[in-house]
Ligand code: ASP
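Encoded as C-alpha cells, the following chain is the form predicted on its own, with no partner shown.
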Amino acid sequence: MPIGIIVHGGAGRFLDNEYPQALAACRRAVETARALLQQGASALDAVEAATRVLEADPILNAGYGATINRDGEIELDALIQDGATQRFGAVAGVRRIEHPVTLSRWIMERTPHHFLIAAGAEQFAAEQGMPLIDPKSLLTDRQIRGKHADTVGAVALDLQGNIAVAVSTGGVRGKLPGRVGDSPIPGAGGYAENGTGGASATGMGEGIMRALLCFRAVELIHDHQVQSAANAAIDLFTRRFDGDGGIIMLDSNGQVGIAHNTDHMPVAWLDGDKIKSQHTQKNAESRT
C-alpha cells in the first residue's frame, strides 16, 4: 500500500508576509508525518503528530497562537477519527491544554466516550497525567492585534491501508464564550473511512456543520475521483450553504483533493517521497 499525508493551515486570508510561514509550517507537519509513516506508524500516529506541529506554530489558529473569543480568552476544539472503526475522540472549549489533538486521542482510546468539553475534558486530562497549562501561555501579540486564519487539519493513509483524520482550532475570532464550530464534529470538520477516504474542512463552522461537509465529500469519492469530489463538495457548500471555506481530501490510493473558495489556504502533501505544497488563491495557484 502507498502512504499518504495531506495537511492544511486554514482557509481564509493571511497577510502577505505571513502566508509563507503558514505554508512552511504545513510542510514541516508533512515531513514529521512522512517519517512516521515510512517507519510503519499508524495513520492515527501520523495525523496526531502532524497536527501537533501545526498546533505549536503561532502563525496558525490552533493551540499556541489560536484566536481569542469575545472576552479575550482562548477556547480550543479538536477531533481525531480512526477510519477503520469510525471511532473518534473530540474536545471543545478547553483552555488549559497545549495539544488538544492528543487529548482527543486519549478520549477515544482511554474512555468509553467520544466527546468531552471544557472543565470535564481538562479534569480527564489531569487524571491521565497531562499537564494543565496557564491559558495565557497560548497568547501571542498577533492574536491580540486580531490577525488570524482558520483551523488546521490532517488526513493520512498508512502502509496497512488505514485512514485517519485530525482537526484542531481556536474557532472564530470574537466568538461568544462557549461557541463550538465544526472542527470537533465528525462528518463536519473531519471524517475518515477506510476503503474510501478522508477529509478535513476549514472555514465558517456554522455552514460546515449544516452541510456535514466532510461526510458528503468522502461519500462523493464513490462516484468521483478525489479531486472532483473536493471540487463538488466546495461547489455545493458555496451554492447551498453560502459558505466560505475549503477542504483537503485523501482517497484510499493516496491521491489528494484540494478545493476552497477563500483567498488563501496553505496546503502541503506527500507525492511519492516528495513533499509538495500549494500557493493557493481564488484565481491563481501554483504547486511546488
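Since the structure is predicted, the reported quantities are computational estimates derived from the model, not experimental observations. The first residue of the shown sequence is 1; numbering continues from there.
What comes next is about the form predicted together with this ligand, which does not appear here.
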property: Proximity to this ligand in the predicted bound form, single hit among 138, 208, 185, 116 (heavy atom within 4.5 Å); result: 208
property: Stretch from 197-205, 107-115, 124-132, 93-101 whose residues place a heavy atom within 4.5 Å of this ligand in the predicted bound form; result: 197-205
property: Any non-hydrogen atom of residue 169 within 4.5 angstroms of this ligand in the predicted bound form; result: yes
property: Residue 89 within 4.5 Å of this ligand in the predicted bound form, heavy atoms; result: no
property: 4.5 angstroms heavy atom contact with this ligand in the predicted bound form for residue 83; result: no
property: Non-hydrogen atom contact residue 179 with this ligand in the predicted bound form at 4.5 angstroms; result: yes
